[in-house]
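A single chain comes next, written as structure tokens; it is the form predicted alone.
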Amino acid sequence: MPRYQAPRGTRDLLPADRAVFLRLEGIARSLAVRYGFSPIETPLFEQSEVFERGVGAVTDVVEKELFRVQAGRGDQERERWALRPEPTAGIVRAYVQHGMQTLPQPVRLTLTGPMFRYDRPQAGRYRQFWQFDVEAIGDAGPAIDAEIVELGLRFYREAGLDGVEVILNSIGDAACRPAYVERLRAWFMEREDRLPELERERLGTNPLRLLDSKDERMAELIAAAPTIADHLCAECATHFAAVRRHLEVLGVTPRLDPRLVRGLDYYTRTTFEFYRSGAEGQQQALGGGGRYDGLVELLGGKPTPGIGFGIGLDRVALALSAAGGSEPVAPRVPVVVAGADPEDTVTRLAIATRLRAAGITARADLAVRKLGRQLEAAAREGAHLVVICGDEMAAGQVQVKDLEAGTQRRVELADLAREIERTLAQHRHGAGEA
């Protein structure tokens, strides 16, 4: 028989791992609500052009990492599609398509879900990965930039990940960046013989991408290359200074890096990445984002500013595990319903169903096995209480065994749900609380 495995570059999130993700997703949802972001869902695949135009044709994402989807055979199904490699382009497409520019601005949106890139598999980089994303579309001011950065840092703190800092830069706009790009092109042209083949090709199409190169041979050249800081126009420089002032008021001290350009073409002005202190590097970013003031227009809308970030939940979970702060723990069912009669699965199922209807998480042991084996199984999976259906059922009672306290008592069936809630509350808060 063949042995099937998850596709290379993907992995199964087993119950313990999924529990970690659910906790992170819960923190993300809670923060998004607190900061006034509304949830949105976009399709897992879009027309390829949404990403080719939005992300940029001369990027790793489009050149090497885009998962293209083969459409059906019908004439109406010949559009070119691709799985979403990042959320911003799809969210902006939805903003334009559904006329969200008529809503009060900025429109604040959040999405948490899987993304897909045909990337080289390695630690923290998967071909299917999860991101927590926020976007604020319709506000050009520096204050929203600072708020978005602070939101990202707060997510890491509430997740329990210490030592995360933000690296910040401005990459200018359409008014000042072209002159810098030409300066950069000329500088690298003088050193073309030292460029790897891929970077030599990019030099003719998008020199800015060379600063985002993952090739270790480029590190020395990148460090010596001209920086955008010396080429910002007055408007971009003023905006960048205002972002830093707002961050200072929020208690955030960014580390400035004039060579941070991010890997997508739609960024303008503010760009940032989140790292754990001492873990900088091309593969170590926990998330990042920036301003994209030209993307809405590029995808068919009116000129509209925007800013957002994407935080990689896979990398956060990996960092938490490495720091010993989030070891995967399988979720536990606090109540198991067992029975003295191995054959009487009907009664066990009926009582478990009754408890669930009362809002209690419970599992009925439906295996035909002796009571001792049922109790052993409940203990192994970490249950707090076992409801035992025995001869007392004739008098409308059951036995409730407290596995943690090592006690057992009779409880009226009519009072069972209330008594279980009270006992579980004591387990959570201490014997002195009801």
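What you see is a predicted model, and the numbers here were worked out from it, not measured in a lab. All residue numbers are counted from 1 along the displayed sequence.
The same protein also exists as the form predicted together with a small molecule; that form is not shown, yet it is the one meant from here on.
Novice: Against the small molecule in the predicted complex, would Phe129 count as a contact residue? Criterion: heavy atoms within 4.5 Å.
Specialist: Contact with the small molecule, yes.
Novice: Spell out, yes or no, whether the shortest heavy atom distance between Thr88 and the small molecule in the predicted complex is within 4.5 Å.
Specialist: Contact with the small molecule, yes.
Novice: In the predicted complex, does Leu286 come within 4.5 Å of the small molecule, counting heavy atoms only?
Specialist: Close contact exists here: in the predicted complex, Leu286 approaches the small molecule to within 4.5 Å, heavy atoms only.
Novice: Flag Pro342 as yes or no: does it have a non-hydrogen atom within 4.5 angstroms of any non-hydrogen atom of the small molecule in the predicted complex?
Specialist: Heavy-atom contact with the small molecule at 4.5 Å: absent for Pro342.
Novice: Pick from 194-202, 288-296, 180-188, 226-234: which stretch has non-hydrogen atoms within 4.5 Å of the small molecule in the predicted complex?
Specialist: Heavy-atom contact with the partner occurs in 288-296.
Novice: Out of Phe309, Phe240, Phe155, Tyr95, which one falls within 4.5 Å of the small molecule in the predicted complex, going by heavy atoms?
Specialist: The option sitting close enough to the partner is Phe309.
Novice: Using a 4.5 Å heavy atom cut-off, which residue among Arg209, Arg117, Arg108, Arg348 comes into contact with the small molecule in the predicted complex?
Specialist: Result of the distance check: Arg117.
Novice: Please tell me whether the candidate spot formed by Gly124, Glu135 and Tyr266 is one where all three residues come within 4.5 Å of the small molecule in the predicted complex (heavy atoms).
Specialist: Checking in the predicted complex: Gly124, Glu135 and Tyr266 are all within 4.5 Å of the small molecule.
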